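Have a look below at one chain only, the form predicted alone, in structure tokens format.
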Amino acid sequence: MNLTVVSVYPTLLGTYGDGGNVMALRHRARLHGIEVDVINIEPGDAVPESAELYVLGGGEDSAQTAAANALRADGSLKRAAERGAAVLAVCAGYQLLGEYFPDANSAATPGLGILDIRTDRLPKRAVGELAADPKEPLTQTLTGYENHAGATHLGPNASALATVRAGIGNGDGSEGATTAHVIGTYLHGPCLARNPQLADLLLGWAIGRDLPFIEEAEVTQLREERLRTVLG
């Protein structure tokens, strides 16, 4: 079985090791007998509309605005999400999937309108470890770290990905947002290396069937270590 993963603008949206999410997807896919073709798309390239899974990472304010403008003009990512493709967006990538987000001068900048969210500024920047209890079908506590100034507000057509146990997340006790097969989150780490169940969920959406969870001792040890650090 094969699937195509599109890494969207990794030179603009790849801070804090977020490029490792594509590596984690490839690794988890191979555990399940799935071969992954990765396509790296940069600004100026047409975004393929027929891929099964799209990944966006974090970026600085100017890079986020440039990415949002290019993706809005291209239109393919939104059409792919609307037809049911799986999407993972982290931090700046998460914010730009919404209706608007603040630019470097805190002015509201139009997003892609894929998630029913709106982002403005937190009173104080969120920096540090983040742990959150996810909503179904995920069952494992989510772990990662955050570094953002965004307060993200969910509308009625988006559901929180998780409830914060430690850290800030969206700023209201919730973390991330999801609708259909789209997930946005503030979790760096990389997110999917630290949360393999989330990687398997995305892969399952991409291929159209649930995948059994395969535990890896080294990853479990890493997760336990980080969760002990932040939760005690």
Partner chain sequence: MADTDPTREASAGLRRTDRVRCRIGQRTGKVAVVTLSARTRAAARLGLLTSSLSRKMGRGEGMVIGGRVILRLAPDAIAEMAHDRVAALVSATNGKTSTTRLLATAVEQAGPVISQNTGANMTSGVAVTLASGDPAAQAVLEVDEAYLPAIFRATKPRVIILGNLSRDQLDRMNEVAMIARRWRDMLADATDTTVVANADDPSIVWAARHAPHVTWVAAGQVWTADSAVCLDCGSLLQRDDSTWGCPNCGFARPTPTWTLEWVDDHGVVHGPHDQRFDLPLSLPGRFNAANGAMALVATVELGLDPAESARRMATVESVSGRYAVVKVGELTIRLLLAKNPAGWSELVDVMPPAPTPVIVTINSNAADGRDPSWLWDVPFERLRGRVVVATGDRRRDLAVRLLHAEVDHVVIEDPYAPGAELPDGMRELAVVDCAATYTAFHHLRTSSDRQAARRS
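Positions refer to the first chain, counted from 1. Quick caveat, the model's predicted, so the values are computed rather than measured.
Heads up, the form predicted together with the partner chain isn't pictured, but that's what we're talking about next.
J.: May I ask you to check whether Asp116 falls inside a 4.5 Å heavy atom distance of the partner chain in the predicted bound form?
T.: Output for Asp116 is no: heavy atoms all beyond 4.5 Å of the partner chain.
J.: Is there a heavy atom of Ala67 no more than 4.5 Å from a heavy atom of the partner chain in the predicted bound form?
T.: Heavy-atom contact with the partner chain at 4.5 Å: absent for Ala67.
J.: Taking the partner chain as it sits in the predicted bound form, is Glu216 near enough to touch it, meaning that at least one heavy atom pair lies within 4.5 angstroms?
T.: Within the cut-off, so yes.
J.: Could you confirm whether Leu211 comes within 4.5 Å of the partner chain in the predicted bound form, counting heavy atoms only?
T.: No, Leu211 stays farther than 4.5 Å from the partner chain in the predicted bound form.
J.: Work out which of the listed stretches, 47-55, 26-34, 176-184, 161-169, brings a heavy atom within 4.5 angstroms of the partner chain in the predicted bound form.
T.: Heavy atoms within 4.5 Å of the partner chain in the predicted bound form occur in 26-34.
J.: Should the three residues Val8, Asp74 and Glu82 be counted as contacting the partner chain in the predicted bound form, with contact defined as a heavy atom within 4.5 Å for each?
T.: The answer is no: none of the three residues contacts the partner (heavy atom, 4.5 Å cut-off).
J.: Judged by heavy atom distances of 4.5 Å or less, which residues of 176-208 approach the partner chain in the predicted bound form?
T.: Going through 176-208 in order - heavy atoms within 4.5 Å of the partner chain in the predicted bound form - the hits are His188, Gly189, Pro190, Ala193, Arg194.
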